[in-house]
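Form predicted on its own, single chain, as C-alpha cells, below.
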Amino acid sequence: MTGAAASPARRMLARNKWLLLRRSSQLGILALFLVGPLAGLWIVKGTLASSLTLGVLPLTDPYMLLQSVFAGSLPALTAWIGAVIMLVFYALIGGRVYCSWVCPINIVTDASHWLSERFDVPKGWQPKRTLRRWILGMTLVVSAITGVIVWELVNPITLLYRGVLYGVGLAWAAVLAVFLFDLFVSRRGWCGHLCPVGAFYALAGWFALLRINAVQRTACDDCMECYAVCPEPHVITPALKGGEKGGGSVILSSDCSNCGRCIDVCDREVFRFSSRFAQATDAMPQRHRNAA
C-alpha cells in the first residue's frame, strides 16, 4: 500500500497535501487584501467582491455585478472587464474552486464539520441542494425590487473582512451563525445547501476543463474514506462506480469543488487531477487491488 512504510509525520503530510495547499491559498489571498489597510502595503485594494491588483488588474465578482445590474445600476467598464476575467478563469478551472481555494468562510465551515465529526454532533435538517439555487434567484429578484445589491448586506465573506478590519461586532456574529449552523443544524449545510455564491460559481464552472479523475478506479477497495472527507460526496459515485455501467471516470458534476481531499486520503491513488476529457486506467491487475 502506498505510503505504508512512511513515517507518521510524512504520511500525515501526504494525506493532507491538498488541504494544506488550500489553506495556504485561502489565508494568502486573505492576507493580500488585508495587508493594505492593516500595514499600508497596498498590493490589492478592495475585497473579493471588487478589487484592483497592483493598480492595474481589475477583478470583479460576476455574481455581485449581476446583482448590480438587476438593481438597476450600470457598472463601470473596469467592473465588466474584471467580471469577464473572473468568469473565464472559473469556467476553465471549475467554478467551485472559488469555494474550496479562495473563500475564507470555507475555513469556518470545515472547522465546524471537524468538530461535528469529532464529537458526533447530531443534525436535524438536511435541505435539498437545489435550495441554494432558489436563494440565488431570490437575491436577484430582491435586488431588482429594492434597487440594492442585497446579498452584500448579509454576505458572510464580506462581513468576515469587515470583522478582521474593524474588530468584534455584527460582522463576527454572522460568521459565528454560519459556524453554529453547520455544527448543530445541518451537515455542511451552508456551503453545500444554502450559499448562493457557491450556487453561482457551480453554474459558471459547468463545463470546466479541470476535473478530478478516478483514473485508477479498479484499484478501489471500498474503504469509503473519500466519501467521508468529500464536502459533496454525491459527486464521487458516478465516476468511481460508473465502470459497471460503462460510465466515464471523470467527476463531471459542477458541485465538485476540486478540493483534492479524495486524492489526499486515498492510499490506492485512485484519484488525481486531470481534464474533463481524460479516461480511467482500467487495467489495474486484480492482485494489486487485493494487496494489503
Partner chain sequence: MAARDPEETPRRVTDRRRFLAGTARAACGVGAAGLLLGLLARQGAARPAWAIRPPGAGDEADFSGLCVRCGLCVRDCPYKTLRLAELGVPIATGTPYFIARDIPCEMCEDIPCVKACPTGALDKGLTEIEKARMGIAVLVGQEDCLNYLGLRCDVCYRVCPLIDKAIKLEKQHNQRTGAHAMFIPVVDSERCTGCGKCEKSCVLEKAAIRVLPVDLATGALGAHYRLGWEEREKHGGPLLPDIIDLPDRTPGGAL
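Numbering follows the first chain given and starts at 1. Note that the structure is predicted; figures quoted are calculated from it, not measured.
Below, we refer to the form predicted together with its partner chain, which is not included among the displayed structures.
- A heavy atom within 4.5 Å of its partner chain in the model of the complex is found for one listed residue only; from 208, 191, 97, 150, this is 150.
- With the partner removed from view, the residue among 240, 259, 49, 226 that has a non-hydrogen atom within 4.5 Å of its partner chain in the model of the complex turns out to be 49.
- Contact with its partner chain in the model of the complex holds for none of 199, 212 and 275, as no heavy atom of theirs lies within 4.5 Å.
- In the model of the complex, residue 129 stays away from its partner chain, with no heavy atom inside 4.5 Å.
- Interface residue remark: residue 37 is counted as part of the site for its partner chain in the model of the complex, having a heavy atom within 4.5 Å.
- Taking the partner from elsewhere, residue 254 is found to have every heavy atom lying beyond 4.5 Å of its partner chain in the model of the complex.
- In the model of the complex, residue 75 approaches its partner chain with a heavy atom inside 4.5 Å.
- Only one of 261-269, 229-237, 51-59, 23-31 lies within 4.5 Å of its partner chain in the model of the complex by heavy atoms, and it is 51-59.
- Contacts to its partner chain in the model of the complex (heavy atom within 4.5 Å) from stretch 173-195: 174 only.
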